[in-house]
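A lone chain, given as structure tokens: the form predicted alone.
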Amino acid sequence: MSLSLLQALKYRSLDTPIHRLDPRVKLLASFSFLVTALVFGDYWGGMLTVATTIILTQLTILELAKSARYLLTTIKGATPLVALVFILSLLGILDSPLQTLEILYRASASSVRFLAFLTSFNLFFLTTSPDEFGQLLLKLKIPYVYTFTFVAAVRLAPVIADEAQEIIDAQRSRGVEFERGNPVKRVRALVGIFIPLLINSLRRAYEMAEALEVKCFGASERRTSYREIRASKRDVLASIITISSLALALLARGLGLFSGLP
């Protein structure tokens, strides 16, 4: 699995209509993508069609946010996982009395649906700053300690991925090969990545703990924010559109409008 998969968690600070939306609206949109992918779980109930529509819709929205290429990078990084899901789905139904085209359709539908799951929250993380994310969690009445922990993890995941890539490049410059040799040699080569990465991660965690202790983290339960998130008319309209789209998808599922699609 490529480290580029973690680029989905890396916020890009841009001035676009999507970035200016209330984070609650973007969370609602991402949640609707996930629910829609979950609901359409029947092979002949439009699974492939709906999953593809979810991915294309996110690409369209992220194009407005000037971040579509990062979603494509995430999809590229997820290719090994998607291929694994395709192979496992294929092996699971090879012994069934189905025609070849139907077997390939089911395996493809499962793979694309998994990709829709994997990318359902890309819109939220790519266009929502960690500060807005933290305020959103606080609005949802989540304790600040857990909010800080989660936001810190989201902040550090892309940093650790970039650091791992730098270590890999440094090891390759020294002649270490990760793609060649038997599995034992490959595992030994990976040790040269994980040990420096683990040491740097522990050092970073120790420095962060010291900084929090110096700033008396948790001494006061009352907290204020420099900027509060407030919903505008544009956010209300976007929420109505999102809820209406989800309701139409659920209605279509209930009526079986996509049943029988090849």
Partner chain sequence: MIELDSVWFSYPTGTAALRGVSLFFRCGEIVALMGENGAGKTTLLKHLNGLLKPTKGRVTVDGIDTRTTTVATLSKKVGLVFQNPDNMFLRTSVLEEVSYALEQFGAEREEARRRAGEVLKAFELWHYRDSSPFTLSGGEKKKLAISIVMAWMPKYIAIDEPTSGLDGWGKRVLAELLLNLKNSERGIILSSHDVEFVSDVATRVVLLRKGEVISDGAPEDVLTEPELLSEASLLTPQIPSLLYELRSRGLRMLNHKLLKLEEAVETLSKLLSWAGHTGEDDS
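Numbering follows the first chain given and starts at 1. Only the largest set of C-alpha atoms that superpose within 1.5 Å between the two forms is called the rigid core. Predicted model only: the values in this text are computed from it and were never measured.
Keep in mind that the form predicted together with the partner chain is not shown, yet the notes after this line are about it.
Segment that reaches the partner chain in the model of the complex - one of 192 to 200, 232 to 240, 60 to 68, 26 to 34, heavy atoms within 4.5 Å: Among the listed stretches, the partner-contacting one is 192 to 200.
Residue (of Val187, Ala170, Val145, Ala83) lying close to the partner chain in the model of the complex, criterion heavy atoms within 4.5 Å: Looking at the other structure, the residue within range turns out to be Ala170.
4.5 Å heavy atom contact, Gly175 to the partner chain in the model of the complex: Yes, Gly175 sits close enough to the partner chain in the model of the complex that at least one of its heavy atoms falls within 4.5 Å.
Heavy atom of Glu166 within 4.5 Å of the partner chain in the model of the complex: Yes, Glu166 lies within 4.5 Å of the partner chain in the model of the complex.
Contact label in the model of the complex: Arg180 to the partner chain, heavy atom within 4.5 Å: Flag for Arg180 set to yes.
Core fit, then Leu104 C-alpha moves 2 Å or more between this form and the one not shown: The answer is no; the displacement is under 2 Å.
Core-superposed comparison between this form and the one not shown, Leu198 Cα displacement 2 Å or beyond: Yes, its C-alpha moves 2 Å or more.
C-alpha of Glu207 moved at least 2 Å between this form and the one not shown on rigid core: Indeed, Glu207 is displaced by 2 Å or more.
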